[in-house]
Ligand SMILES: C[S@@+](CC[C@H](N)C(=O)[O-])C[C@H]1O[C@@H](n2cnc3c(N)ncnc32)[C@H](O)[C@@H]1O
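Single chain ahead, written as structure tokens, the form predicted on its own.
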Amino acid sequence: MTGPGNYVMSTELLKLIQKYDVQGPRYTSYPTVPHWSSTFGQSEFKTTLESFDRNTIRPLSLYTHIPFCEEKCYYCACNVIITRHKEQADLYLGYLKKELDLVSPSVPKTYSVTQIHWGGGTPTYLSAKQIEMLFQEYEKRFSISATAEISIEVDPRVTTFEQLKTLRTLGFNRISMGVQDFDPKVQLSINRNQTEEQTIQVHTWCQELGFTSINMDFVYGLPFQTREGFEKNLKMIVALEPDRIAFYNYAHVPWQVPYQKFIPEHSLPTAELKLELFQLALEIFKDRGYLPIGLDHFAKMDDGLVKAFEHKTLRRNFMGYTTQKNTLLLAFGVSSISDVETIYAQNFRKLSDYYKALDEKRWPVMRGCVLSLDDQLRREIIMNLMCYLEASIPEMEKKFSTELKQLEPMVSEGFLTRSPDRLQVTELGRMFVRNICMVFDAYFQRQQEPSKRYSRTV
């Protein structure tokens, strides 16, 4: 491949795509969610939190899931509830308060909140008044640092200046804006009609209000995307100069996400075209001064994500890449996932189950996982590969000799370089990093046959 206008897909690369385009995890956790247990519940989660030293000062991250959307985007695999009945949000906020009342007493008072994120769904489904009320509920129960990173996901189609002003007044300093694709034909096919003007308007408001970091989400692999149209898209997005770009590979899993059945299979780009689009984005983003971070994020050199990459404090979780590796992540709301040292805990995915548990004064935990020592070692290797595209060999030489041998074909194919002390993922290997991580995934390797629960890796 040369410049953006002279892309050449070699025969060798086509063969690699055919070989490695398989179904596999995205590694937002390890072990991955399908291997968590439904026997894990309130007792295990509560005991873990209450086992921490009550006198130690530690950083804490808080996530809140707001599941409501006015319309369903067909590509979206998030846990959402489609409704225009805004009174449902008031009911939900009441239950969030119940969950906070149950869980927060188990958290040491010495812990300082250094990171907050609201996701969904559409958090700006909430009115400005509801946003303020919910944030105040957290302020009552937790000590929020004056320098905390406080972020929220917004949909430009439904977000108002009043909401953004309220968020900024409350201390929110980072905005993550869904864009996905500017092409009207692509938008129509995924049921997300969002004009360029709407995106620009919200971006302008965020700049005027002084948000310190603006992120835009973009997706490649959507129906009817073409190389020509996508290049135009990429130039439009870099012209807006967001601080970060989350560049996600569309996961087509209609057997898990029923709405994706409305997307005709023939309209989806081939694996070869998706790889071409990814390569094109790499070039354009780099030319405009964006540093690639991990698997699918890009950031300007002065952004906190780059600093976290340089200082080895990146963390990969269910929100993508975040900047504070060593915080304890507590998550609230339906389907939300907590990540607390050696455990994961997920809340019920159905709203009725979530409400029922809280009515019974139970923590609404649906399933979870307690990591073994082997899990912890493998998680460290996988997360280093996903965050920094490298892993230390000395720490794995004896225990993972079988895995290192399995990687030898990937070394010869140019995905990895191996020195005496580390594995380093190459620029080509970046596109196959999930395949590399799968070698270290003991649960995936024990599967008797490929699982349909995962999306394709390319």
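Throughout, we count residues from 1 along the sequence that is shown. Note that the coordinates shown come from a computational prediction; the quantities given were computed from them, not determined experimentally.
Note that the form predicted in complex with this ligand isn't included here; everything after this is about it.
Novice: Find the only residue in 78, 82, 209, 343 having a heavy atom within 4.5 Å of this ligand in the predicted bound form.
Specialist: It is 78.
Novice: Could you work out which of 250, 92, 172, 354 is the residue within 4.5 angstroms of this ligand in the predicted bound form, going by heavy atoms?
Specialist: Result of the distance check: 250.
Novice: Taking any heavy atom pair closer than or equal to 4.5 Å as contact, tell me whether residue 219 reaches this ligand in the predicted bound form.
Specialist: Residue 219 belongs to the contact set for this ligand.
Novice: Residue-level question: is residue 192 within 4.5 Å of this ligand in the predicted bound form, judged on heavy atoms?
Specialist: Yes, contact at 4.5 Å.
Novice: Whether residue 364 contacts this ligand in the predicted bound form should be assessed with a 4.5 Å heavy atom distance threshold; does it?
Specialist: Outside the cut-off, so no.
Novice: Within a 4.5 Å heavy atom cut-off, is residue 276 in contact with this ligand in the predicted bound form?
Specialist: Residue 276 lies outside the contact set for this ligand.
Novice: Can you pick the stretch from 278 to 286, 197 to 205, 325 to 333, 115 to 123 whose heavy atoms fall within 4.5 Å of this ligand in the predicted bound form?
Specialist: Going by heavy atoms within 4.5 Å, the stretch is 115 to 123.
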